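The chain below stands alone and is given in structure tokens; this is the form predicted on its own.
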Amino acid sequence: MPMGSDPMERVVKLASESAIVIFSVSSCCMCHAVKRLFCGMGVNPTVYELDQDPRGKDMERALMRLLGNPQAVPVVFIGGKLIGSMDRVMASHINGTLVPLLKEAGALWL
């Protein structure tokens, strides 16, 4: 099996290539909201729109397995570590743990 042909392997590889990675679907309002949250904080996430990737459906299924959740997107990785979907990102933002994670990953300097 060639490298990157396994959807989970591809997700892990893409998630580790940038400080912040969001797996998204372009028509998803929650995906839009999480992207706006990071942009509003002055962070520039790498976004993979799964509906625009030929292997996106397979990656979406891999993300569902990873999260144990039928709602696969948005999924956020910071510093290559799975943070989770919108509820986990918002909880981290509200309880003050999101900014330190972003700083640790080198995505935020202030």
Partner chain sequence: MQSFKAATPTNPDMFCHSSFFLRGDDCNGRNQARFSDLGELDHPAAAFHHDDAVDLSPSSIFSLKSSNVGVVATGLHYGALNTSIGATEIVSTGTGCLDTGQFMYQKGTTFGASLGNGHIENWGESGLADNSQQTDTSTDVDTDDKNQLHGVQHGAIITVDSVDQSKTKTGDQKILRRLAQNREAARKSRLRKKAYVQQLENSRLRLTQLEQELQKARQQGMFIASGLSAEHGHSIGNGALAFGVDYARWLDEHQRLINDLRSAVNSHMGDNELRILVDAVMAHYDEIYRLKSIATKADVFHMLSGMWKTPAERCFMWLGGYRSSEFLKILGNHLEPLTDQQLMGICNLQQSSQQAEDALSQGMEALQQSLVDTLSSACLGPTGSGNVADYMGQMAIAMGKLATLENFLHQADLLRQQTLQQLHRILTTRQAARALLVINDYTSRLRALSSLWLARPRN
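What you see is a predicted model, and the numbers here were worked out from it, not measured in a lab. Numbering follows the first chain given and starts at 1.
Keep in mind the form predicted together with its partner chain is missing from the figure; the text below concerns it.
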**Q.** 11, 15 and 64 all contacting its partner chain in the predicted bound form, non-hydrogen atom within 4.5 Å
**A.** no
Q | Among the candidates 37, 59, 72, 83, the residue which, in the predicted bound form, approaches its partner chain to within 4.5 Å (heavy atoms) | A | 37
Q: State yes or no: in the predicted bound form, is some non-hydrogen atom of residue 47 no more than 4.5 angstroms from a non-hydrogen atom of its partner chain?
A: no
Q: Considering only heavy atoms, tell me if residue 43 and its partner chain come within 4.5 Å of each other in the predicted bound form.
A: no
Q. Do residue 32 and its partner chain share at least one heavy atom pair within 4.5 Å in the predicted bound form?
A. yes
Q: Within 4.5 Å of its partner chain in the predicted bound form, which residues of 85-106 have a heavy atom? Give them in sequence order, or say none.
A: 86, 87, 90, 91, 93, 94, 95
